[in-house]
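We give C-alpha coordinates for two forms of one protein chain below, kept apart as structure 1 and structure 2.
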Structure 1
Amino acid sequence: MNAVYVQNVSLSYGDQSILSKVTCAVEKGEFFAVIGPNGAGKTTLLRLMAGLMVPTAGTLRIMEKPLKSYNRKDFARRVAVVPQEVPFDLPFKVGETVLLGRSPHLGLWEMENSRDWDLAREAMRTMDVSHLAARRLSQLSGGERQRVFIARAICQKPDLLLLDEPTASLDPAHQVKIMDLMARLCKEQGITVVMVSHELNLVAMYADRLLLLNRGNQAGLGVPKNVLTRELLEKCYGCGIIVEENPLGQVPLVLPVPEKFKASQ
(Lines of atoms letter the chains of each structure in order from A and count residues from 1; the text may use other names and numbers.)
(Lines give C-alpha, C1' and ligand atoms only; values in the text may rest on other atoms or scores of the structure.)
Protein backbone atom coordinates (compact mmCIF):
# COMPACT_ATOMS: atom_id res chain seq x y z
CA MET A 1 0.00 0.00 0.00
CA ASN A 2 1.24 3.47 -0.85
CA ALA A 3 0.97 5.93 2.00
CA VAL A 4 1.89 8.75 -0.41
CA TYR A 5 1.61 8.69 -4.17
CA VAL A 6 2.99 11.58 -6.20
CA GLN A 7 2.88 11.50 -10.00
CA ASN A 8 4.12 14.32 -12.23
CA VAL A 9 3.29 16.88 -9.56
CA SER A 10 4.12 20.47 -10.50
CA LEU A 11 3.55 23.80 -8.83
CA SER A 12 3.96 27.21 -10.42
CA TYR A 13 3.38 30.81 -9.41
CA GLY A 14 2.67 32.60 -12.65
CA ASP A 15 5.67 31.94 -14.89
CA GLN A 16 7.83 30.76 -12.00
CA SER A 17 8.11 26.98 -11.62
CA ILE A 18 8.57 25.80 -8.01
CA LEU A 19 8.23 22.07 -8.64
CA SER A 20 8.29 20.31 -12.00
CA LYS A 21 6.90 16.82 -12.63
CA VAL A 22 8.02 15.20 -9.36
CA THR A 23 7.12 11.51 -9.13
CA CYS A 24 7.54 9.18 -6.16
CA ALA A 25 5.60 6.64 -4.13
CA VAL A 26 6.15 6.15 -0.38
CA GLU A 27 5.13 2.77 0.98
CA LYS A 28 3.28 2.29 4.24
CA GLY A 29 5.80 2.01 7.09
CA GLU A 30 8.66 3.47 5.05
CA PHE A 31 11.15 6.04 6.34
CA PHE A 32 11.45 8.42 3.39
CA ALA A 33 13.63 11.54 3.30
CA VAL A 34 13.53 14.50 0.93
CA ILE A 35 16.89 16.24 0.48
CA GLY A 36 18.39 18.97 -1.67
CA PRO A 37 19.93 22.44 -1.50
CA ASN A 38 18.10 25.54 -0.32
CA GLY A 39 15.31 26.51 -2.69
CA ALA A 40 15.06 23.02 -4.18
CA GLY A 41 11.34 22.70 -3.39
CA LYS A 42 11.56 20.32 -0.44
CA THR A 43 9.24 22.21 1.91
CA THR A 44 6.85 22.93 -0.94
CA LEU A 45 6.53 19.21 -1.67
CA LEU A 46 5.90 18.48 2.01
CA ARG A 47 3.24 21.20 2.17
CA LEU A 48 1.55 19.67 -0.86
CA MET A 49 1.50 16.28 0.88
CA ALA A 50 0.01 17.97 3.95
CA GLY A 51 -2.79 19.50 1.91
CA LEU A 52 -1.62 23.03 2.69
CA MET A 53 -1.06 23.80 -0.99
CA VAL A 54 -2.66 22.56 -4.21
CA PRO A 55 -0.51 21.42 -7.15
CA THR A 56 -1.04 23.11 -10.50
CA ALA A 57 -0.62 19.76 -12.25
CA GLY A 58 -0.22 16.07 -11.46
CA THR A 59 -1.70 13.52 -9.09
CA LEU A 60 -1.25 13.33 -5.31
CA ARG A 61 -2.88 10.69 -3.11
CA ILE A 62 -2.59 10.00 0.61
CA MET A 63 -3.41 6.48 1.81
CA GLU A 64 -4.69 5.64 -1.69
CA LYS A 65 -7.22 8.52 -1.61
CA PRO A 66 -7.13 11.92 -3.33
CA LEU A 67 -6.52 14.76 -0.90
CA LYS A 68 -9.79 16.45 -1.84
CA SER A 69 -11.74 13.37 -0.71
CA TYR A 70 -10.78 13.97 2.94
CA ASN A 71 -12.60 16.30 5.27
CA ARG A 72 -10.39 18.28 7.58
CA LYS A 73 -10.91 16.12 10.68
CA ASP A 74 -10.46 12.77 8.93
CA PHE A 75 -7.23 14.01 7.38
CA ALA A 76 -5.97 15.23 10.78
CA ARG A 77 -6.62 11.80 12.29
CA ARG A 78 -4.36 10.17 9.73
CA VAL A 79 -1.68 12.79 9.03
CA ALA A 80 0.45 14.75 11.52
CA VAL A 81 2.67 17.62 10.42
CA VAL A 82 5.68 19.16 12.21
CA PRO A 83 6.66 22.38 10.42
CA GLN A 84 10.17 23.76 10.20
CA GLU A 85 9.28 26.87 12.18
CA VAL A 86 7.13 25.97 15.16
CA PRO A 87 5.12 28.78 16.83
CA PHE A 88 6.25 30.15 20.17
CA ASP A 89 3.47 32.66 20.87
CA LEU A 90 0.59 30.25 21.40
CA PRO A 91 -1.04 30.81 24.82
CA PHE A 92 -0.48 27.23 25.94
CA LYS A 93 1.73 25.33 28.30
CA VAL A 94 3.78 22.41 27.05
CA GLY A 95 1.43 19.76 28.46
CA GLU A 96 -1.58 21.47 26.89
CA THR A 97 0.20 21.76 23.54
CA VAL A 98 1.05 18.06 23.42
CA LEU A 99 -2.50 17.14 24.43
CA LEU A 100 -3.80 19.07 21.40
CA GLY A 101 -2.60 16.10 19.37
CA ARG A 102 -5.69 14.25 20.58
CA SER A 103 -8.11 16.90 19.24
CA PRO A 104 -8.80 15.19 15.88
CA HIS A 105 -9.97 12.09 17.75
CA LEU A 106 -12.52 13.91 19.93
CA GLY A 107 -16.13 14.78 19.25
CA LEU A 108 -17.45 18.34 19.04
CA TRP A 109 -17.81 18.94 22.77
CA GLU A 110 -15.91 15.88 23.95
CA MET A 111 -13.26 16.35 26.62
CA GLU A 112 -9.98 14.46 26.82
CA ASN A 113 -10.18 11.27 28.87
CA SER A 114 -7.56 9.44 30.93
CA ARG A 115 -6.23 7.60 27.86
CA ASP A 116 -5.66 10.89 26.05
CA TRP A 117 -3.69 12.21 29.03
CA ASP A 118 -1.72 8.96 29.22
CA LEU A 119 -0.79 9.29 25.53
CA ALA A 120 0.28 12.90 26.07
CA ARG A 121 2.45 11.98 29.05
CA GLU A 122 3.98 9.10 27.10
CA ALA A 123 4.78 11.39 24.17
CA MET A 124 6.39 13.95 26.50
CA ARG A 125 8.54 11.25 28.10
CA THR A 126 9.55 9.99 24.67
CA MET A 127 10.68 13.45 23.59
CA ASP A 128 12.32 14.29 26.93
CA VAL A 129 10.04 17.27 27.66
CA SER A 130 8.11 15.98 30.70
CA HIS A 131 10.01 18.35 32.96
CA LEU A 132 8.75 21.25 30.80
CA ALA A 133 5.05 20.34 31.04
CA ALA A 134 4.09 23.40 33.11
CA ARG A 135 6.20 25.88 31.11
CA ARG A 136 4.79 28.11 28.38
CA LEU A 137 6.02 27.77 24.82
CA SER A 138 7.41 31.30 24.91
CA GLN A 139 9.75 30.24 27.73
CA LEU A 140 11.42 27.49 25.71
CA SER A 141 14.44 27.40 23.45
CA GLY A 142 13.98 26.63 19.75
CA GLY A 143 15.15 23.05 20.22
CA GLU A 144 12.81 22.49 23.15
CA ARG A 145 9.84 23.81 21.19
CA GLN A 146 10.74 21.52 18.30
CA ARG A 147 10.66 18.51 20.60
CA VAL A 148 7.30 19.63 22.04
CA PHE A 149 5.70 19.77 18.59
CA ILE A 150 7.13 16.38 17.67
CA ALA A 151 5.61 15.08 20.92
CA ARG A 152 2.26 16.57 19.88
CA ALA A 153 2.50 14.80 16.52
CA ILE A 154 3.33 11.48 18.21
CA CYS A 155 0.40 11.97 20.60
CA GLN A 156 -1.85 12.30 17.54
CA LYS A 157 -1.12 8.64 16.63
CA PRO A 158 -1.12 9.27 12.87
CA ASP A 159 -0.65 6.88 9.98
CA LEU A 160 1.61 9.39 8.22
CA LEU A 161 4.07 11.75 9.87
CA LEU A 162 5.40 14.69 7.84
CA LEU A 163 8.39 16.55 9.31
CA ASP A 164 10.23 19.58 7.94
CA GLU A 165 13.84 19.63 9.19
CA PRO A 166 12.96 18.29 12.67
CA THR A 167 16.61 18.00 13.76
CA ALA A 168 17.79 21.42 12.56
CA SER A 169 17.84 23.16 15.95
CA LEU A 170 18.79 20.16 18.08
CA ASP A 171 22.05 19.03 19.62
CA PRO A 172 23.59 15.75 18.37
CA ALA A 173 22.16 13.66 21.21
CA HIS A 174 18.59 14.78 20.52
CA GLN A 175 19.12 14.45 16.76
CA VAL A 176 19.99 10.79 17.15
CA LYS A 177 17.17 10.25 19.64
CA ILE A 178 14.60 11.64 17.19
CA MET A 179 15.96 9.61 14.28
CA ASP A 180 15.96 6.45 16.43
CA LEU A 181 12.36 7.21 17.36
CA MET A 182 11.27 7.73 13.75
CA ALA A 183 12.87 4.42 12.76
CA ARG A 184 11.02 2.65 15.60
CA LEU A 185 7.69 4.22 14.64
CA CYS A 186 8.13 2.89 11.12
CA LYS A 187 9.27 -0.59 12.13
CA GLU A 188 7.16 -1.26 15.21
CA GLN A 189 3.96 0.71 14.54
CA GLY A 190 3.86 0.82 10.74
CA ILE A 191 3.77 4.63 10.72
CA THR A 192 5.06 6.20 7.53
CA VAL A 193 7.62 8.98 8.00
CA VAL A 194 8.40 11.57 5.34
CA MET A 195 11.12 13.95 6.46
CA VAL A 196 12.73 16.97 4.84
CA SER A 197 16.34 17.27 5.97
CA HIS A 198 19.68 18.91 5.26
CA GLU A 199 21.44 16.33 7.46
CA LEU A 200 22.70 14.05 4.70
CA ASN A 201 24.65 11.71 6.95
CA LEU A 202 21.76 11.27 9.37
CA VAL A 203 19.26 10.39 6.67
CA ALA A 204 21.80 8.12 4.99
CA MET A 205 21.94 6.02 8.16
CA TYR A 206 18.20 5.96 8.83
CA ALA A 207 16.09 6.50 5.71
CA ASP A 208 14.98 3.59 3.54
CA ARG A 209 14.98 5.81 0.45
CA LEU A 210 15.82 9.37 -0.52
CA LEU A 211 14.33 11.85 -2.96
CA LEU A 212 16.85 14.44 -4.13
CA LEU A 213 15.44 17.70 -5.48
CA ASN A 214 17.33 20.48 -7.21
CA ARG A 215 15.71 23.74 -8.36
CA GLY A 216 12.30 22.14 -8.30
CA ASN A 217 13.35 19.16 -10.39
CA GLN A 218 13.74 15.55 -9.37
CA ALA A 219 17.46 14.77 -9.43
CA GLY A 220 17.57 11.38 -7.74
CA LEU A 221 15.37 8.73 -6.12
CA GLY A 222 16.42 5.50 -4.44
CA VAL A 223 18.35 3.97 -1.58
CA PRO A 224 20.99 6.23 0.02
CA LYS A 225 24.02 4.65 -1.66
CA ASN A 226 22.50 5.26 -5.10
CA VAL A 227 21.48 8.86 -4.46
CA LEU A 228 24.37 10.13 -2.33
CA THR A 229 27.05 9.93 -4.99
CA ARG A 230 29.81 12.48 -5.46
CA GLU A 231 28.83 13.31 -9.03
CA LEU A 232 25.16 13.85 -8.22
CA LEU A 233 25.73 15.81 -5.00
CA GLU A 234 28.36 18.12 -6.52
CA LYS A 235 26.02 18.85 -9.41
CA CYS A 236 23.12 19.73 -7.09
CA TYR A 237 24.95 21.50 -4.27
CA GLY A 238 27.61 23.24 -6.35
CA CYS A 239 30.51 22.49 -4.02
CA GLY A 240 33.24 19.91 -3.61
CA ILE A 241 31.99 16.68 -1.99
CA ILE A 242 33.75 13.61 -0.68
CA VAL A 243 31.66 10.42 -0.42
CA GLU A 244 33.13 7.53 1.51
CA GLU A 245 31.85 4.37 3.16
CA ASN A 246 30.55 5.10 6.64
CA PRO A 247 32.46 3.03 9.23
CA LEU A 248 29.16 2.55 11.11
CA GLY A 249 27.59 0.60 8.25
CA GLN A 250 27.21 0.08 4.53
CA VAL A 251 25.93 3.61 3.87
CA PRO A 252 27.66 6.66 2.39
CA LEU A 253 29.49 9.21 4.52
CA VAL A 254 29.22 12.67 2.93
CA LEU A 255 31.79 15.39 3.57
CA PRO A 256 31.70 18.86 1.96
CA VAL A 257 35.15 20.10 0.97
CA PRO A 258 36.10 23.52 2.42
CA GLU A 259 37.79 25.95 0.06
CA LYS A 260 41.12 25.79 1.90
CA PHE A 261 41.40 22.03 1.28
CA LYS A 262 40.51 22.03 -2.42
CA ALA A 263 44.08 22.59 -3.59
CA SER A 264 45.21 19.38 -1.86
CA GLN A 265 42.63 17.20 -3.60
Structure 2
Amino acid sequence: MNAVYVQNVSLSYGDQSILSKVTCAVEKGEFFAVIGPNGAGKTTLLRLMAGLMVPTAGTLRIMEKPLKSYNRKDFARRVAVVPQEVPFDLPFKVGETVLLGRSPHLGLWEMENSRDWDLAREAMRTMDVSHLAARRLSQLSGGERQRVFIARAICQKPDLLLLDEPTASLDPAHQVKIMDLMARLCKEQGITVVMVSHELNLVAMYADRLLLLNRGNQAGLGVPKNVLTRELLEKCYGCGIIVEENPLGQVPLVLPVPEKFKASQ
Protein backbone atom coordinates (compact mmCIF):
# COMPACT_ATOMS: atom_id res chain seq x y z
CA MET A 1 0.00 0.00 0.00
CA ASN A 2 1.21 3.47 -0.82
CA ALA A 3 1.18 5.97 2.03
CA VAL A 4 1.90 8.80 -0.38
CA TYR A 5 1.29 8.74 -4.10
CA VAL A 6 2.48 11.70 -6.14
CA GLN A 7 2.06 11.71 -9.90
CA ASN A 8 3.07 14.54 -12.22
CA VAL A 9 2.47 17.05 -9.44
CA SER A 10 3.25 20.66 -10.37
CA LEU A 11 2.89 23.93 -8.57
CA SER A 12 3.36 27.36 -10.03
CA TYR A 13 2.61 30.95 -9.14
CA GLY A 14 1.70 32.75 -12.34
CA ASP A 15 4.43 31.82 -14.80
CA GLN A 16 6.90 31.00 -12.04
CA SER A 17 7.19 27.25 -11.64
CA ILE A 18 8.01 25.98 -8.12
CA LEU A 19 7.59 22.26 -8.76
CA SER A 20 7.12 20.56 -12.07
CA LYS A 21 5.99 17.02 -12.76
CA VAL A 22 7.23 15.31 -9.63
CA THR A 23 6.34 11.64 -9.46
CA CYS A 24 7.03 9.32 -6.55
CA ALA A 25 5.31 6.81 -4.33
CA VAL A 26 6.14 6.20 -0.68
CA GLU A 27 5.24 2.81 0.68
CA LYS A 28 3.65 2.29 4.04
CA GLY A 29 6.30 1.96 6.75
CA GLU A 30 9.02 3.39 4.54
CA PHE A 31 11.61 5.90 5.66
CA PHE A 32 11.68 8.35 2.77
CA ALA A 33 13.84 11.46 2.45
CA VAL A 34 13.59 14.44 0.12
CA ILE A 35 16.91 16.12 -0.63
CA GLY A 36 18.16 18.84 -2.94
CA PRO A 37 19.80 22.28 -2.98
CA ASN A 38 18.18 25.33 -1.41
CA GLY A 39 15.14 26.44 -3.36
CA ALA A 40 14.69 23.04 -4.99
CA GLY A 41 11.08 22.83 -3.80
CA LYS A 42 11.57 20.30 -1.00
CA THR A 43 9.51 22.15 1.58
CA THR A 44 6.87 22.92 -1.04
CA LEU A 45 6.51 19.22 -1.81
CA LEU A 46 6.18 18.46 1.90
CA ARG A 47 3.54 21.18 2.32
CA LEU A 48 1.64 19.73 -0.62
CA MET A 49 1.69 16.31 1.02
CA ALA A 50 0.51 17.93 4.25
CA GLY A 51 -2.47 19.47 2.51
CA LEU A 52 -1.26 22.97 3.38
CA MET A 53 -1.08 23.84 -0.33
CA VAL A 54 -2.96 22.63 -3.37
CA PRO A 55 -1.04 21.51 -6.49
CA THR A 56 -1.83 23.32 -9.75
CA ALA A 57 -1.63 20.06 -11.67
CA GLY A 58 -1.16 16.36 -11.06
CA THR A 59 -2.49 13.68 -8.75
CA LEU A 60 -1.75 13.51 -5.04
CA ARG A 61 -3.07 10.69 -2.90
CA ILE A 62 -2.48 10.06 0.80
CA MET A 63 -3.29 6.56 2.06
CA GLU A 64 -4.76 5.72 -1.35
CA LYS A 65 -7.29 8.54 -1.09
CA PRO A 66 -7.21 11.90 -2.85
CA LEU A 67 -6.58 14.84 -0.51
CA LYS A 68 -9.90 16.42 -1.31
CA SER A 69 -11.81 13.43 0.04
CA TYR A 70 -10.55 14.06 3.58
CA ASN A 71 -12.03 16.56 5.92
CA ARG A 72 -9.51 18.53 7.93
CA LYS A 73 -9.82 16.55 11.14
CA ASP A 74 -9.81 13.11 9.49
CA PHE A 75 -6.66 14.12 7.69
CA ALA A 76 -5.03 15.33 10.90
CA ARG A 77 -5.75 11.95 12.50
CA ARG A 78 -3.70 10.22 9.81
CA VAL A 79 -1.00 12.74 8.93
CA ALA A 80 1.13 14.72 11.39
CA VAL A 81 3.50 17.51 10.41
CA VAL A 82 6.58 18.87 12.16
CA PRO A 83 7.42 22.23 10.56
CA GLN A 84 10.92 23.54 10.13
CA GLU A 85 10.57 26.46 12.44
CA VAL A 86 8.80 25.87 15.70
CA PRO A 87 8.02 28.91 17.83
CA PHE A 88 10.43 29.05 20.75
CA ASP A 89 8.64 31.53 22.99
CA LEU A 90 5.60 29.38 23.72
CA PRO A 91 4.33 29.55 27.28
CA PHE A 92 3.25 25.88 27.27
CA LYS A 93 4.84 23.17 29.35
CA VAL A 94 6.27 20.13 27.57
CA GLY A 95 3.51 17.79 28.75
CA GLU A 96 0.78 20.21 27.67
CA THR A 97 2.41 20.66 24.27
CA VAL A 98 2.57 16.93 23.60
CA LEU A 99 -1.02 16.52 24.79
CA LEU A 100 -2.12 19.11 22.21
CA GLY A 101 -1.44 16.35 19.69
CA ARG A 102 -4.67 14.70 20.81
CA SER A 103 -6.73 17.65 19.55
CA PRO A 104 -7.71 16.15 16.16
CA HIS A 105 -9.22 13.20 18.01
CA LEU A 106 -11.34 15.32 20.34
CA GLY A 107 -14.51 17.32 19.87
CA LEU A 108 -14.45 21.10 20.16
CA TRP A 109 -14.93 21.06 23.91
CA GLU A 110 -14.22 17.44 24.68
CA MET A 111 -11.61 17.14 27.41
CA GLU A 112 -8.58 14.89 27.29
CA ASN A 113 -9.19 11.75 29.33
CA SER A 114 -6.70 9.41 30.98
CA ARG A 115 -6.16 7.50 27.71
CA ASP A 116 -5.08 10.71 25.98
CA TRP A 117 -2.66 11.34 28.82
CA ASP A 118 -1.35 7.78 28.47
CA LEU A 119 -0.73 8.33 24.77
CA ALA A 120 1.03 11.61 25.52
CA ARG A 121 3.25 9.89 28.10
CA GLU A 122 4.00 7.12 25.62
CA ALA A 123 4.95 9.67 22.94
CA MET A 124 7.20 11.45 25.43
CA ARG A 125 8.88 8.13 26.29
CA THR A 126 9.36 7.33 22.61
CA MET A 127 11.07 10.66 21.99
CA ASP A 128 12.95 10.51 25.29
CA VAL A 129 11.54 13.73 26.74
CA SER A 130 9.61 12.25 29.71
CA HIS A 131 12.00 13.83 32.19
CA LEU A 132 11.20 17.28 30.74
CA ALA A 133 7.39 16.97 31.09
CA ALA A 134 7.02 19.73 33.67
CA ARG A 135 9.51 22.13 32.07
CA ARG A 136 8.49 25.11 29.98
CA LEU A 137 9.25 25.00 26.24
CA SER A 138 11.19 28.24 26.49
CA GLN A 139 13.65 26.59 28.88
CA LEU A 140 14.65 23.79 26.49
CA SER A 141 17.61 23.46 24.16
CA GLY A 142 17.04 23.27 20.40
CA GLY A 143 17.38 19.50 20.28
CA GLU A 144 15.02 18.99 23.19
CA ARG A 145 12.44 21.34 21.71
CA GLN A 146 12.61 19.54 18.37
CA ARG A 147 12.05 16.19 20.10
CA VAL A 148 9.08 17.62 22.00
CA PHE A 149 7.46 18.77 18.76
CA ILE A 150 8.03 15.36 17.19
CA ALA A 151 6.49 13.79 20.32
CA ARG A 152 3.52 16.11 19.81
CA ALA A 153 3.19 14.80 16.27
CA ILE A 154 3.50 11.16 17.37
CA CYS A 155 0.83 11.77 20.02
CA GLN A 156 -1.48 12.52 17.09
CA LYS A 157 -1.12 8.76 16.32
CA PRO A 158 -0.55 9.38 12.61
CA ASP A 159 0.07 6.79 9.90
CA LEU A 160 2.24 9.29 8.08
CA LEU A 161 4.75 11.66 9.67
CA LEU A 162 6.06 14.60 7.63
CA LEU A 163 9.15 16.39 8.93
CA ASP A 164 10.87 19.46 7.55
CA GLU A 165 14.59 19.44 8.40
CA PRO A 166 14.17 18.02 11.89
CA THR A 167 17.93 17.88 12.42
CA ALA A 168 18.78 21.41 11.27
CA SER A 169 20.88 23.35 13.78
CA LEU A 170 21.47 20.31 15.97
CA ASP A 171 24.83 18.90 16.98
CA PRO A 172 25.83 15.47 15.57
CA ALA A 173 24.86 13.56 18.71
CA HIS A 174 21.35 15.02 18.70
CA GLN A 175 21.04 14.51 14.95
CA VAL A 176 21.81 10.82 15.27
CA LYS A 177 19.47 10.54 18.23
CA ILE A 178 16.54 11.98 16.30
CA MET A 179 17.29 9.84 13.25
CA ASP A 180 17.53 6.71 15.43
CA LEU A 181 14.15 7.49 16.94
CA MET A 182 12.61 8.06 13.50
CA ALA A 183 14.01 4.78 12.20
CA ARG A 184 12.56 3.00 15.20
CA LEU A 185 9.15 4.59 14.60
CA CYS A 186 9.16 3.17 11.08
CA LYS A 187 10.28 -0.30 12.07
CA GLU A 188 8.39 -0.81 15.32
CA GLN A 189 5.21 1.15 14.79
CA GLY A 190 4.88 0.95 11.03
CA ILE A 191 4.67 4.73 10.70
CA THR A 192 5.67 6.11 7.31
CA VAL A 193 8.22 8.90 7.62
CA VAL A 194 8.83 11.49 4.93
CA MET A 195 11.64 13.86 5.83
CA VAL A 196 13.14 16.87 4.12
CA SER A 197 16.83 17.14 4.91
CA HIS A 198 20.13 18.71 3.93
CA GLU A 199 22.12 16.09 5.80
CA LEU A 200 23.05 13.84 2.87
CA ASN A 201 25.20 11.49 4.94
CA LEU A 202 22.55 11.07 7.61
CA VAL A 203 19.75 10.26 5.17
CA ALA A 204 22.12 7.95 3.27
CA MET A 205 22.49 5.89 6.44
CA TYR A 206 18.85 5.93 7.53
CA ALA A 207 16.48 6.42 4.62
CA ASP A 208 15.15 3.54 2.56
CA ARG A 209 14.85 5.71 -0.51
CA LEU A 210 15.68 9.27 -1.54
CA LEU A 211 14.04 11.79 -3.82
CA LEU A 212 16.47 14.35 -5.23
CA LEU A 213 14.94 17.63 -6.37
CA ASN A 214 16.67 20.37 -8.33
CA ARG A 215 14.97 23.69 -9.18
CA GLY A 216 11.56 22.13 -8.91
CA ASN A 217 12.43 19.19 -11.11
CA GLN A 218 12.85 15.60 -10.14
CA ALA A 219 16.57 14.76 -10.54
CA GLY A 220 16.70 11.33 -8.96
CA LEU A 221 14.69 8.73 -7.08
CA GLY A 222 15.79 5.46 -5.53
CA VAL A 223 17.93 3.84 -2.87
CA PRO A 224 20.73 6.10 -1.52
CA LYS A 225 23.43 4.27 -3.47
CA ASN A 226 21.75 5.09 -6.79
CA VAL A 227 20.85 8.70 -6.02
CA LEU A 228 23.96 9.88 -4.21
CA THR A 229 26.33 9.62 -7.16
CA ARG A 230 29.08 12.07 -7.93
CA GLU A 231 27.71 12.92 -11.35
CA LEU A 232 24.16 13.63 -10.19
CA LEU A 233 25.13 15.57 -7.10
CA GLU A 234 27.69 17.77 -8.88
CA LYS A 235 25.06 18.62 -11.48
CA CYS A 236 22.43 19.54 -8.89
CA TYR A 237 24.54 21.28 -6.26
CA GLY A 238 26.92 22.93 -8.70
CA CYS A 239 30.06 22.23 -6.71
CA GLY A 240 32.74 19.61 -6.63
CA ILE A 241 31.68 16.50 -4.75
CA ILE A 242 33.38 13.26 -3.76
CA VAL A 243 31.38 10.12 -3.08
CA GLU A 244 33.12 7.33 -1.17
CA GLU A 245 31.89 4.29 0.63
CA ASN A 246 30.86 4.99 4.22
CA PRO A 247 33.17 3.00 6.55
CA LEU A 248 30.08 2.11 8.60
CA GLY A 249 28.42 0.10 5.88
CA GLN A 250 27.19 -0.27 2.34
CA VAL A 251 26.07 3.35 1.95
CA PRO A 252 27.68 6.29 0.20
CA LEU A 253 29.58 8.98 2.05
CA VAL A 254 29.30 12.43 0.43
CA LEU A 255 31.88 15.20 0.73
CA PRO A 256 31.70 18.62 -0.92
CA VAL A 257 35.10 19.73 -2.20
CA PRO A 258 36.33 23.11 -0.92
CA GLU A 259 38.12 25.55 -3.23
CA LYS A 260 41.58 25.09 -1.73
CA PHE A 261 41.53 21.31 -2.25
CA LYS A 262 40.41 21.57 -5.86
CA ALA A 263 43.93 21.56 -7.31
CA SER A 264 44.76 18.21 -5.73
CA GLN A 265 41.71 16.59 -7.33
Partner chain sequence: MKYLWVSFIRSLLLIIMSTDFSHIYKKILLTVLVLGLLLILAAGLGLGIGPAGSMWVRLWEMIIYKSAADPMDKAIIWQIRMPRVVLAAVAGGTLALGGLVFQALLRNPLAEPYILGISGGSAVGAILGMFAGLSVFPGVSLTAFLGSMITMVLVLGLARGKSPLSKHSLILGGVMMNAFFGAMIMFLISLSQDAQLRNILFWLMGDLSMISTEHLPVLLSVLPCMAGIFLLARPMNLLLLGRDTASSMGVNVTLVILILLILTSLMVSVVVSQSGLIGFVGLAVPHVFRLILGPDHRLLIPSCLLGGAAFLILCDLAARTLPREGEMPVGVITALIGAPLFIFLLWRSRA
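Just so we're on the same page, residue numbers count up from 1 along structure 1's sequence. Note that the structure is a prediction, hence the values are computed from the model and not measured. Take the two forms, find the largest set of C-alpha atoms that superpose within 1.5 Å, and that set is the rigid core.
Item to check | Form predicted on its own - which displayed structure it is | outcome: Pick structure 1 here.
Next on the checklist: Relative to the superposed rigid core, does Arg121 relocate between the two structures - that is, does its Cα move 2 Å or more?
Outcome noted: Yes; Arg121 is a residue whose C-alpha shifts (by 2 Å or more) between the two structures when the cores are overlaid.
Checklist entry - Superposing on the rigid core, does the Cα of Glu144 end up 2 Å or more away between the two structures? => result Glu144 C-alpha, core-superposed: shift of 2 Å or more.
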